[in-house]
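What follows is a single chain, given as structure tokens, in the form predicted on its own.
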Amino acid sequence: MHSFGYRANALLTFSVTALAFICAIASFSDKFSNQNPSAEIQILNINRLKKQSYGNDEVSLTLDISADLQSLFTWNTKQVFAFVAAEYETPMNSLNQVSLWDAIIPDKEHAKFRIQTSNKYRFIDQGHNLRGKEFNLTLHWHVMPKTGKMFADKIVMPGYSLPDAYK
């Protein structure tokens, strides 16, 4: 006859294997969800474009961010991390990304929003490359599931530009 320790080990091993299998199926089921988030970002005002005392350009913007990220939420979604980044090119770097705003969206009820805000983080270029610069505003999101692999995506909104002179 098998001892108590052997039976407990067999039961624990079977339970952990079954739980891992169920988690894998749960994670795989997210692949079949229809995700079609939408977003629109407008620049309401360029509050400030100035040259800092040590030579870097700094911009302060007022943004109108509206997004519907409800389709990202499934029964397996714990939360969504969303952020807006300004993306532009300079002679030194082919891609510069500056985070302007971010939020953690805890549930589907908060995933459809409209917010008017100044950039939460400083929009600074290392140098004096922002005057007259064209840039994209990009809404990035990272979906954090309860089980399984985290995934990310984005919506790029091109066609923004900064003034030619400091103000």
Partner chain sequence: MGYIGETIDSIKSIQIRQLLTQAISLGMIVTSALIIWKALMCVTGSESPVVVVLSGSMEPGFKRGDILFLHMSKDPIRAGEIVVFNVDGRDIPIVHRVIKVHERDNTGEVDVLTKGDNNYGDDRLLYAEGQQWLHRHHIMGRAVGFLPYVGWVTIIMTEKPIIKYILIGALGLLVITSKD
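Residue numbers count along the first chain shown, from 1. Because the structure is a prediction, the values reported are computed rather than measured.
One more form of this protein should be noted, the form predicted in complex with its partner chain, which is absent from this view; the next part is about it.
A.B. asks: Among 64-72, 110-118, 135-143, 35-43, which stretch has residues with heavy atoms no more than 4.5 Å from its partner chain in the predicted complex?
C.D. replies: Of the stretches listed, the one contacting the partner is 135-143.
A.B. asks: Is the gap between A18 and its partner chain in the predicted complex 4.5 Å or less for some heavy atom pair?
C.D. replies: Looking in the predicted complex, residue contacts with its partner chain do not include A18, since no heavy atom lies within 4.5 Å.
A.B. asks: Contact with its partner chain in the predicted complex for F4, defined as at least one heavy atom pair within 4.5 Å: yes or no?
C.D. replies: No, F4 is distant from the partner.
A.B. asks: Looking at the partner-bound form in the predicted complex, is S99 within 4.5 Å of its partner chain by any heavy atom?
C.D. replies: Residue-level check for S99: yes, a contact with its partner chain.
A.B. asks: Just checking whether A10 would be counted as a contact of its partner chain in the predicted complex - the rule being heavy atoms within 4.5 angstroms.
C.D. replies: A10 lies outside the contact set for its partner chain.
A.B. asks: Q126, Q52, S60, S29: which sits within 4.5 Å of its partner chain in the predicted complex by any heavy atom?
C.D. replies: Of the listed residues, the single hit is Q126.
A.B. asks: Are there residues in 76-109 with a heavy atom within 4.5 Å of its partner chain in the predicted complex, and which are they, in order?
C.D. replies: Contacting residues: K78, Q79, F81, F83, Y88, P91, M92, N93, S94, L95, N96, Q97, V98, S99, I104.
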